[in-house]
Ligand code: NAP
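This document opens with one chain alone, in structure tokens, the form predicted alone.
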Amino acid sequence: MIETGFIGLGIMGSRMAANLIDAGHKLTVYNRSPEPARALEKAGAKRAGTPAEAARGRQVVVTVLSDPAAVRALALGPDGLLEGMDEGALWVDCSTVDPACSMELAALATAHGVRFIDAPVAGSKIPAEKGQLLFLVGGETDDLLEAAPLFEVMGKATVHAGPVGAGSALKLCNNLLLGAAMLGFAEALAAGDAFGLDPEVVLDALSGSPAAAPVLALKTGKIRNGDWSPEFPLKHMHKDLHLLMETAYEAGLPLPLAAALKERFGDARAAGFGNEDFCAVMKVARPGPSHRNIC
């Protein structure tokens, strides 16, 4: 079993770490707010007081953090994970960041004598809980193979996308599709409402349509019940679309659909729905009294 440091115990990380503990891996965990770490301590993990402590003496360190700023904050400095990592250890970053950030982190890791792969995941709360995530990996093949026993516990499959940064790039492409599917669904439901259709008929018909992405069927119950509890927070979708647009700009690529998606999810975030599930974009698809008819 792999001696592992695990940093970041939010919606995804807490479930990923729990699966590793259940599989017998020895984890030392750290989270900025202590409650999730305490819960995993009761399950058998060792709780660290700093990222450096979580990383010290560990063969592999996994990070699952919200954005580039959070990764940099916990990686750098006297108490950062790089300060604690042993020379030759492997840092596996499962955060969703932009490719430029992953390459920057890899360079910082190399300067500390540490290896690095970016390994963001496709999937949300329930797949994380069930160990059914898809790992999108950028980095050296040998490093991926070293982390593979962890990926096999936490996920259903791994894609080696290419060198460092490729996993992060592929994750942004994935979330472009995800955001487009959800906003398209929201607008289709709003159109049905405006056209006077029975919202239950529209919801069932569209979620089961050949044109519907599989994720939409998983969200139907939440939409019907007005359950906006986060499985994948809307603010993170907005952040990912922002990172996508920045990366596309650097590549000289216009992405007009992605730009429109970013603004619409931004509208929902500005309206106060950022901490709700990303399907809460429904609330801005048809605002006003008739909103109740599509939720």
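Quick note: we count residues from 1 along the sequence shown, nothing fancier. What you see is a predicted model, and the numbers here were worked out from it, not measured in a lab.
Beyond the structure shown, there is the form predicted in complex with the ligand, which is absent from this document and is the topic of what follows.
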| property | result |
| --- | --- |
| Location of the ligand contact in the predicted bound form, chosen stretch of 246-254, 261-269, 42-50, 59-67 [non-hydrogen atom, 4.5 Å] | 59-67 |
| Candidate from 160, 222, 156, 125 lying within 4.5 Å of the ligand in the predicted bound form - any heavy atom | 125 |
| In the predicted bound form, residue 26 touching the ligand (heavy atom, 4.5 Å) | no |
| Any non-hydrogen atom of residue 92 within 4.5 angstroms of the ligand in the predicted bound form | no |
| Heavy atom of residue 76 within 4.5 Å of the ligand in the predicted bound form | no |
| Distance check, residue 32 to the ligand in the predicted bound form, heavy atom within 4.5 Å | yes |
| Interface residues of 171-189 toward the ligand, as seen in the predicted bound form [heavy atoms, 4.5 Å] | 171 |
